[in-house]
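Here we start with a single chain on its own, the form predicted alone, put down as structure tokens.
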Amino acid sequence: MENGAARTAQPVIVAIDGPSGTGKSSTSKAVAAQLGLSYLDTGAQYRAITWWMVTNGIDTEDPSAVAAVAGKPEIVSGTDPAHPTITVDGVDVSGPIRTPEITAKVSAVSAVPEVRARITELQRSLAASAKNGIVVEGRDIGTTVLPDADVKIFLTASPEARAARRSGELKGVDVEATREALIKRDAADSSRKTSPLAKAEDAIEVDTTDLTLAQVVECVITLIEEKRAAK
């Protein structure tokens, strides 16, 4: 029962980064569930603060206006991989934060340094309080949020594969339009000054283009178990 022993080993912090459509969320949730770890979708937190800005009439294209109120919303993330939740000021926003309107505005809001500082602090406190460990997925986890994570993985996939997956998730959305939107968002997230989307030097890159979800999950779990065994 070596496997069972490994699963009760000391807490492990796993950072999974990469652009949209690489299978980050599905992979992270499945890995966390199988290993009994907590799970955090950091993108949802940025979407939540963007939703709050939009709902409260803040001009999301005005960084100073966004910065001025970045500390106001109370964002609470539930970290159960089987049922991750997110609330803003006590309101469940898991549905509203996935709309095209929020998706279109999240890059601008998340580029504001005050927003990143606020959300990064939230993320670090959640990671520190995860008793068994946690899988944290996002764009700057391995580089900025949790640079000392035990395992760092950077998921990639071709723009075509990512667009097909994303349009499949959104049902009936044009693949080509989705591909263009993804490439535009990649450019925005990779070029921002504060904590850009980037692969950490010590991250292991996994190209998911030709892999099934089960294969990606198996690969990530193997990497985590190897790291735990070496500890």
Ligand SMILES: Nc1ncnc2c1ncn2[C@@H]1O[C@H](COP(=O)(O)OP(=O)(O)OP(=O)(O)O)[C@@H](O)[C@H]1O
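We number the residues from 1 along the sequence you see. Treat the numbers as computed from the prediction; the structure is a model and nothing was measured.
The same protein also exists as the form predicted in complex with the ligand; that form is not shown, yet it is the one meant from here on.
> My understanding is that the ligand gets transferred in the predicted bound form by a local C-alpha superposition; in that placement, do 3 or more ligand atoms come within 2.4 Å of this form's backbone or C-beta, making it blocked, or is it open?
Open, going by where the ligand lands after superposition on the site C-alphas.
> If contact means any heavy atom within 4.5 Å, which of 62-70, 160-168, 198-206, 30-38 contacts the ligand in the predicted bound form?
Looking at the partner contacts, the answer comes out as 160-168.
> Contact between Q10 and the ligand in the predicted bound form at 4.5 Å, heavy atoms?
So Q10 does not count as contacting the ligand.
> Given that the partner is absent here, does L213 sit within 4.5 Å of the ligand in the predicted bound form, heavy atoms only?
Heavy-atom contact with the ligand at 4.5 Å: present for L213.
> Closest heavy atom of T55 to the ligand in the predicted bound form, within 4.5 Å or not?
T55: no contact with the ligand in the predicted bound form.
> Check R139 for me: does it contact the ligand in the predicted bound form (non-hydrogen atoms, 4.5 angstroms)?
Looking in the predicted bound form, residue contacts with the ligand include R139, since a heavy atom lies within 4.5 Å.
> Any chance all of P113, R118 and K193 sit within 4.5 Å of the ligand in the predicted bound form, going by non-hydrogen atoms?
Heavy-atom distance to the ligand in the predicted bound form: none of the three under 4.5 Å.
> Going through 11-40, which residues have a heavy atom within 4.5 Å of the ligand in the predicted bound form? Please give them in sequence order.
The stretch touches the partner through P19, S20, G21, T22, G23, K24, S25, S26.
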